[in-house]
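In the form predicted alone, a lone chain appears below as structure tokens.
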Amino acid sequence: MTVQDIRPAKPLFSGADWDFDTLQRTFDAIERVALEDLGLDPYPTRLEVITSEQMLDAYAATGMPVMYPHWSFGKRFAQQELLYRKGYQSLALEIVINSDPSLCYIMEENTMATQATVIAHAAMGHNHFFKHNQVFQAWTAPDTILDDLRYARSFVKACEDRHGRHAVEQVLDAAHTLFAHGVGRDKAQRPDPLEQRERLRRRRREALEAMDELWLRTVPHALADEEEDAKEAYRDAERRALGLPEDNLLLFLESHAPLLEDWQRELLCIVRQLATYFEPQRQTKMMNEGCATWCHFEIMNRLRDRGEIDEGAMLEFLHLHAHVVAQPDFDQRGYPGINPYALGFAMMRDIARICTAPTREDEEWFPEIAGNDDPIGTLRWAWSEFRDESFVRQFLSPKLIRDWRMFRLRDDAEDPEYLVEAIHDEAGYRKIRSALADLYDPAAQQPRIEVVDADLRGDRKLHLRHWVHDGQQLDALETRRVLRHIARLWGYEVRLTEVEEDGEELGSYETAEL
């Protein structure tokens, strides 16, 4: 069948204006290409057309359609609106929610060509990625997220009525401060809110019972010369009962803070679950955007080939696409770093090239996929099985390193000059690929802070440890501010120690000194 044979009598739309019939007709055509040609399998999608003010509202509420009340969301709305009204910032063309069915917001100001692009990008690309990527599967519950948010909103409002807005805001302020530390990165699992709450209550009760039993069993029989050993054994048992060390600070405080009431623990649980929901988006930002950009590029080109998009719409699409994948040079003023859309799209196209037209170099580097003539199947597999860090480590090719003219720069605080350690040549490919993958490693993006001790039978001081990586210590002012929030939740003094990876102590903070 030739392209001319499948051309329809007329394009799906003409000009910039759109109505709901045109939108539905275009969505159907895009979905047909996505499912039949690309083999995508997205969640069912519900499109909602919103105004710029509604988009700003969604920005303020972290992109979610339902959110509990908190002053910080209003502050964020005012900031975003000012930037938008003054022309310093444009709005996203769409927002898509990882839910089942998926919600896809599109702006009413968009032209029809833009609407088609964002439907292909978000409703098909992002939606397929949400449904199939293993990180999202392990960390999120798309079938219950909207119900969870409705519950959170009603619970926070009820708490405000019962305990006062100020008391609720104090807990939420502290919980939001620890948002990035509300995820246990080694303990990912699909959460069930009811089971999780019951498990936490049971864990808290069992920990207290275990400590009571141990206290009764060891202390009365401890001889003088064995007293120290008995105390140390007790401390070890106590730490095991508390699950230490624990890197999920919100979970630890929710489970073990001595003075928190149940409604306060529930507020911590709500914020912690929200942090867990967003964690996969942080770990797969580049892959997710690359997948969606590759999908919209393929779908729009296939629609053009079939005559369902005219040349004017195609030119507008190409202009929009070029803007999305623009990558500023490193020495350009205001350089924002690597554009995740640009690198993700480039890697997707490079994988497709390796599958269909590999060079000898590709065959040496990627023997599993080179020349398999299944680019779409290979991409769907990669979207399912990898996150940004492992994706770069696995698929960044020497050709792409050369095309992007990547190099590795060493920035040593003790050296007054930068050092170029590797460039795009035979000796530098693996070093550059490893260095870039390290940038996407979740462990390298957040300070590693753990709860290491909490003497519940003594002074109840909470002990935290920050493992210093690559010489990067915490900002002193910010650390003191966060420790005050932790102390408010814990109810007693908090001590944080900064430790090198070899165990050398670099310094400490105590809330008693703040």
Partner chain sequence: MANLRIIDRRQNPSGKSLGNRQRFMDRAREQLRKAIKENIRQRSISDTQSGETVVIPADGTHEPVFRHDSETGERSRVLPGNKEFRAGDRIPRPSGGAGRGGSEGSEEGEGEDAFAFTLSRDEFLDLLFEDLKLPDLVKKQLKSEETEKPKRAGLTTSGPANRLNLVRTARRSLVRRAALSRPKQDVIVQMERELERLEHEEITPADGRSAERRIAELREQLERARQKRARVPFIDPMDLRYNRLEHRPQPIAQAVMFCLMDVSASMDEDMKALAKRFFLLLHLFLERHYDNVEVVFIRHTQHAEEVDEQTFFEGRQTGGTVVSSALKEMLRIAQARYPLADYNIYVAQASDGDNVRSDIETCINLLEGRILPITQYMAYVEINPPMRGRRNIARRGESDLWHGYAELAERRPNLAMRRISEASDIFPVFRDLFKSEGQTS
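Quantities reported herein were computed from a predicted structural model and do not represent experimental measurements. Residue numbers count along the first chain shown, from 1.
Same protein, other form: the form predicted together with its partner chain, not shown, and the subject of what follows.
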Exactly one of 266, 421, 310, 100 has a non-hydrogen atom within 4.5 Å of its partner chain in the predicted complex; which residue is it? 421
Name the residue from 409, 259, 326, 315 that puts a heavy atom within 4.5 Å of its partner chain in the predicted complex. 409
If we take heavy atoms and a 4.5 Å cut-off, which stretch out of 356 to 364, 410 to 418, 269 to 277, 383 to 391 is in contact with its partner chain in the predicted complex? 410 to 418
Flag residue 471 as yes or no: does it have a non-hydrogen atom within 4.5 angstroms of any non-hydrogen atom of its partner chain in the predicted complex? yes
Please run the contact check for residue 255 against its partner chain in the predicted complex: heavy atoms, 4.5 angstroms, yes or no? no
Can you tell me if residue 81 lies within 4.5 angstroms of its partner chain in the predicted complex, counting non-hydrogen atoms only? yes
Heavy atom of residue 432 within 4.5 Å of its partner chain in the predicted complex: yes
Quick one: name the residues from 468 to 490 with any non-hydrogen atom within 4.5 angstroms of its partner chain in the predicted complex. 470, 471, 472, 473, 474, 475, 477, 478, 479, 481, 482, 483, 485, 486
